[in-house]
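Next comes just one chain, in C-alpha cells: the form predicted alone.
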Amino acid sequence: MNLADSGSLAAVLNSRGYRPVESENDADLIIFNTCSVREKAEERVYGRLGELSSLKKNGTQKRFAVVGCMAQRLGERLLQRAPYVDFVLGPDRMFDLPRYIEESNGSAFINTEFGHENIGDLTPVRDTPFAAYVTISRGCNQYCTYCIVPYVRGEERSYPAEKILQQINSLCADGVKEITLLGQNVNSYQDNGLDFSALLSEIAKKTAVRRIRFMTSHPKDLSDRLIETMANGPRMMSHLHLPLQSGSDRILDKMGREYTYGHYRSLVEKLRATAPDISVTTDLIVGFPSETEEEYQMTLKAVEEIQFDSAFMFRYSPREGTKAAQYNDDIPDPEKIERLTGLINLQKEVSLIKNRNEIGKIWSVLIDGFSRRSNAVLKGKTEGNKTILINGDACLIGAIKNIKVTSADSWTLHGELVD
C-alpha cells in the first residue's frame, strides 16, 4: 500500500512539473513516506532524517516532507523531535503536497485529516512497465488490538468498481500484464452490492489484464465463493496471503482477530482441496502480551501443520494508541527474540521443503527484470508469487514464459525456459 501511495504521489508531483533526481544533494524536496506498524520503522525514519538534516544546516533551501502513517500518528510531536521538517501530512493528505508547498509561508505545515475525493482517480508511477498496484479500498474497520493501521488510515472506504475497471484498462493499454489489487482487507470490499469475489469476476470479464493478484485478506471474511473464484477464475494467480498471527485461540481472541486456529486451518484445507497448487503465505507475531511458552509452541505447531510457503514473522512491538498498548508487555525482549529466532528457523526449513517440491513443475512466469546480483540472470514471479531466477537474454524482460523449476533454496527457485 505504501509503494502504491508513493507511486500516486510521484504521479501528482510529475503532473505539477516536479522531476525525480538520483541524489538527496540534488533535490529541492525530500519526501519520506512512512509506516507505523512497528516502532523500528519509525526509528529508521528519525535516523534517516537526522543524517540528512545537515543538508539544511549548510544554508540550502531544501524542504523535507514526512508523509503517511507516521505523520498521521505523531502530527505535531514529530516536529518536536525533528523541527527541520517542513510538511507533516497523513496518508490521505499527502496528495495535496504541491498545493501546500505553493501556499507555504515558510513555517511548518501539518494536515492529518482523513478523506480525499481524488485518490481513487490517481494512476501511480510504476517501478516496472509490466506490473502495477491498483488500490481498491483504503482504511480498515477491524481494530485488531495490536494494530495501529485503523487509527492512521481511517475507516474502510471502497472505490467504485467502475473506476477500478477503468484504471485497469488504462494500465493494460500502457503495457501492464499483471495487477495486484490492494486493500487493508480486500475481502470486505463492497460497492453497491458488488463484493470482492464479484469484482474479481468483473475484472476478468471486462479487462485484458493477464494476471490478477491481491492482498491482504482477513480470514474471517474469506468466503467459500471467494475460494471458488480463486480456484477457477480466469487469470487468477495461485497465491493467497492470509495472516494467521498466532496458533493459540486465547491469544487470537486477545488480539481481536475474530477466528480460531481451527477455523483458519479449515480455510486452508478448503483452498488446497479446490486449488492443490496454491501457495499460502502468512504473518505471525510472537511475544504478544501474556503469551506463554505453551502458546508459543502452538504457533510452531501451526507452522508445521499448515506448511506455509513463506511467512512474515515479527516479535510484538507495542504501538501507542492501540488497545494492546494498555496490556502489560510482560515478555522480556530477549525472550521475544529467542522465540522469533526459533520461529524463523522452523519456517526456513518448511520453506525449503515447499520450494524443493516445486522442482520439475512448470510455471507461467512474468519476467520482470534482472537479478539483484547479476545482469546475466533474469528474475520473475511464478503464479504462486515465488521469485525464480533463469538464464536468458534481456529481450525476455516483460514476457510471460513457461519456466521449469530445476533447483531451489528456502527463498528462491531456479529454472530454465521451456517451450
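Residue numbers run from 1 along the displayed sequence. Everything numeric in this text was worked out from a predicted model, so none of it was measured.
Missing here is the form predicted in complex with S-adenosyl-L-homocysteine (SAH); even so, the following discussion is about that form.
Note on contacts: among Q245, S279, Q347, S248, the single residue with a heavy atom within 4.5 Å of S-adenosyl-L-homocysteine (SAH) in the predicted bound form is Q245.
Proximity to S-adenosyl-L-homocysteine (SAH) in the predicted bound form, defined as a heavy atom within 4.5 Å, holds among D253, E304, D283, E228 only for D283. By the criterion of a heavy atom within 4.5 Å, R73 is excluded from the residues contacting S-adenosyl-L-homocysteine (SAH) in the predicted bound form. Using a 4.5 angstroms threshold between heavy atoms, T274 stays clear of S-adenosyl-L-homocysteine (SAH) in the predicted bound form. Heavy atoms of L29 never reach within 4.5 Å of S-adenosyl-L-homocysteine (SAH) in the predicted bound form, leaving it off the interface. Taking non-hydrogen atoms only, Q167 never approaches S-adenosyl-L-homocysteine (SAH) to within 4.5 angstroms in the predicted bound form. Judged against S-adenosyl-L-homocysteine (SAH) in the predicted bound form with a 4.5 angstroms heavy atom cut-off, the residues F214, S238 and K354 are out of contact without exception.
The chain is drawn here without S-adenosyl-L-homocysteine (SAH); in the predicted bound form, the stretch among 356 to 364, 370 to 378, 387 to 395, 36 to 44 whose residues come within 4.5 Å of it by any heavy atom is 36 to 44. In the predicted bound form, the residues of 313 to 352 lying within 4.5 Å of S-adenosyl-L-homocysteine (SAH) by at least one heavy atom are, in order, F314, R315, Y316, S317, R319.
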